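The chain below stands alone and is given in structure tokens; this is the form predicted alone.
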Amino acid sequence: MNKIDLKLIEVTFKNTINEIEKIIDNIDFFNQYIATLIIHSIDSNKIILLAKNEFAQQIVKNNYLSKIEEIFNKNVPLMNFEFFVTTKEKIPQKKEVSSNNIVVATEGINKNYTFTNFIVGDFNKKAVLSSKSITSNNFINPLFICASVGLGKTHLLHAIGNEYNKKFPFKKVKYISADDFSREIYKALYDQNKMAIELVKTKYEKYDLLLIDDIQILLNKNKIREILFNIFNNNVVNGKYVVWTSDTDPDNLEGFEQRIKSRFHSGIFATIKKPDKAMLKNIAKEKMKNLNTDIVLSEDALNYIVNRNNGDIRRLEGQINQIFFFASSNSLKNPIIDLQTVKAIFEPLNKNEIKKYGLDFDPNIVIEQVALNYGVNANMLKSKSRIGKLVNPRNIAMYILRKKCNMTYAHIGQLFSGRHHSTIIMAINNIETRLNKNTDLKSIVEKIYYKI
């Protein structure tokens, strides 16, 4: 690699760290663990980073390495770099190694994301079992995984790639986000070489396993969808595997032609649901265990972060990291973190929530709990739909947000598809009147509020 390339990598890495800073709320956390990262070595398309200590290495590896890799590669279009993080103490003595026979079979796969460190529960069991079948004769092609933000669909894609590569080391595997795929296609479409787009198609049709993340972003990109659909068809016809992810199921992918939706349904369709509170607590405990520390959360403190999380596992993991950063930075003598300490740690975050919602937590949590209690869809509850079974739980959600959480009528109206404040008042009055006569309803409301 020449001096110009090295300079480009140094500048791009510095810009990448600056981008990471924008998504981290705690500046002390950033300065301790991210800003201290340095490039140790570059070997072909592999970049080794040095962290200040083992704890910092674990934080970066589990939460930020894939993001660093993603941002960095977006700004270096001609190569796809793979990032690793270690510490100075773990660097082995230099040995002469011949790389003449090394075959790079995977592209874009994060080696840190495996099935081993993916937490499984009832909420994601089907998706995990379908994913693990990639190396067996039971795999049904293609696999479509649907999940909201923060529930692990990207982790699962990388785990599939790693498992497949372990079983078939010389087969070609490619992970790419739909966003990056779009950029590559646009670049080819505007290339002066008229064969550029055909070359891209040929490249993608050579992969034995193609993993494509977040295809919902192709909503208004008709040409990109058409090209991707052609690649997909050719790969499946030729016995090559394709796995997609999206934040919504195929039938609700607006703008996608029916023939494409039908293709998505031709294989296995697996949904990752939001985990319940009990599962979130188990996940939180498992994440804490992985940090290799003696520090634990009191039951009240654990309930506090879980109840204000709304099922986002990625966010939960970030909150745990913030807690342990605080604990390690302040050298706490008591290994048990109590509720009061946790509230102090998240005070800046709570202020942001209050500014946005008038509450110190996301009010969608209330709606989710009410929807769960009545067996209805939370999004339908917020919609303008007047279906009979939605009216009562919707009114209860509005009542709790106003009377128990002190949320303004205007904010409640915004949550429920822009409803007028007079509609909100009528709904709340309706529940208030019934509560005076119906002890069962009162019990239900108290039960939901307690869970929040």
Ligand code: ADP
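On a predicted model such as this, the values are computed, not experimentally measured, just so you know. Residue numbers run from 1 along the displayed sequence.
Heads up, the form predicted in complex with this ligand isn't pictured, but that's what we're talking about next.
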query: Non-hydrogen atom within 4.5 Å of this ligand in the model of the complex for each of Tyr113, Gly152 and Glu317; finding: yes
query: The single option of Tyr374, Phe81, Phe118, Phe229 touching this ligand in the model of the complex, heavy atom within 4.5 Å; finding: Phe118
query: In the model of the complex, the residue from Lys287, Lys174, Lys281, Lys240 that sits within 4.5 Å of this ligand by heavy atoms; finding: Lys287
query: Contact test in the model of the complex: Tyr204 vs this ligand, heavy atoms, 4.5 Å; finding: no
query: Close approach of Ile215 to this ligand in the model of the complex, 4.5 Å, heavy atom; finding: no
query: Touches this ligand in the model of the complex: Ile160 (any heavy atom, 4.5 Å); finding: no
query: Non-hydrogen atom contact Ser148 with this ligand in the model of the complex at 4.5 angstroms; finding: yes
query: Which of 152-160, 259-267, 336-344, 165-173 sits within 4.5 Å of this ligand in the model of the complex, heavy atom basis; finding: 152-160
